[in-house]
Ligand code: ITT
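The chain below stands alone, shown as structure tokens; this is the form predicted on its own.
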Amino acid sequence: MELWIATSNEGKLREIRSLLMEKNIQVHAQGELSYFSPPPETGTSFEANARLKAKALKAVKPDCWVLGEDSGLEVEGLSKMPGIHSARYAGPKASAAENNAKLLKMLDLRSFNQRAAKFICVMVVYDPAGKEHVFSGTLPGEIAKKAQGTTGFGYDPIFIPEGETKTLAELGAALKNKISHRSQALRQLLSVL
């Protein structure tokens, strides 16, 4: 079976592919379509942005399974920011390192010891008949004092999952694939597939 993913984020694609490779699912990315232009993320929630992406890709792949995903980090001490702006927290072309640096700086400026945070993932999936399915996952934890580790992507170097003492970037892909917000949502999807 084929599943088309509405994302250009290589880190997310790697994760999704690694989680689905044993299930005999061929994962394709929107980047394989030279004629596809992703819509702007104008939604006010993770679900709304995931739906925008999925609908746009479904319009050009109407007979396929299509997945739109939006995820991000909510930090309690920053009024749940960066939230839906996680990928562009430090600016529209900011790198992951710049986003991490801004987040750590904002926590330091506010002198907050409140470092509780959670990763959230919402997937909106359309089946070949056009029926919508919504799946989600949450990974609670806290923000580290500094970036540590070299695996993963995005905020992984500064996020310590609940019950752990190391960041996701230190813990590695195998553990992340078991506990992450994205893997939780994908397991729900697999029950439908």
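Only a predicted model underlies this, so the values are computations on that prediction, with no experimental measurement involved. The numbering used is simple: start at 1 and walk along the sequence shown.
Omitted from view is the form predicted in complex with inosine 5'-triphosphate (ITT), to which the following refers.
Interface residue among 154, 161, 149, 137, judged by heavy atoms within 4.5 Å of inosine 5'-triphosphate (ITT) in the model of the complex: 154.
Contact between residue 9 and inosine 5'-triphosphate (ITT) in the model of the complex is found at the 4.5 Å heavy atom cutoff. The closest non-hydrogen atom of residue 127 lies beyond 4.5 Å of inosine 5'-triphosphate (ITT) in the model of the complex. In the model of the complex, inosine 5'-triphosphate (ITT) sits beyond 4.5 Å of every heavy atom of residue 110. Among residues of the shown chain, residue 170 is not one whose heavy atoms approach inosine 5'-triphosphate (ITT) to within 4.5 Å in the model of the complex. With contact defined as any non-hydrogen atom lying within 4.5 angstroms of inosine 5'-triphosphate (ITT) in the model of the complex, the contacting residues in 68-87 are 69, 70, 71, 72, 86, 87, given in sequence order.
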